[in-house]
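Coming up is one lone chain in structure tokens, specifically the form predicted alone.
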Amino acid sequence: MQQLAFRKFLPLFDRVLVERFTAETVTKGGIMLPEKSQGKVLQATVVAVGPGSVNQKGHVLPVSVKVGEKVLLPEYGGTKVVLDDKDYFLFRDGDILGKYVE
């Protein structure tokens, strides 16, 4: 079902569609956190990428992340996109701060 949503939406140019990790609602000690005290989630998984941006010579510069990679997002920015009642965010490739390697 998730794959079907992404067949309907493909980012253009150097845009990257991500799904943010869910916020922690319980501390390691088992204490429930109210919504206001939950930190903004800056980690996400890449779910779709555009082909890349075109430079002045007409060459396509590929996006620096791939589908399935875990990335670090800036605290602000991104465009919210709702697909199949689920929230995703669209960022430019250059706005992504880094990716996690295993």
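All residue numbers refer to positions in the sequence shown, first residue = 1. Keep in mind the model is a prediction, meaning the values are calculated, not measured.
Separately, the form predicted together with a further copy of the same chain exists; it is not shown, and the next lines address it.
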* Asked: Can any non-hydrogen atom of residue 13 be found within 4.5 angstroms of a further copy of the same chain in the predicted complex?
  -> yes
* To do: Verify the contact flag for residue 61: yes if a non-hydrogen atom of it lies within 4.5 Å of a non-hydrogen atom of a further copy of the same chain in the predicted complex, no if not.
  => yes
* If you check in the predicted complex, is residue 92 within 4.5 Å of a further copy of the same chain, heavy atoms only? -> yes
* Asked: Is there a non-hydrogen atom of residue 67 within 4.5 angstroms of a non-hydrogen atom of a further copy of the same chain in the predicted complex?
  -> no
* Asked: For the stretch 81-98, which residues lie within 4.5 Å of a further copy of the same chain in the predicted complex by non-hydrogen atom distance?
  -> 81, 83, 85, 90, 92, 93, 94, 95, 96, 97, 98
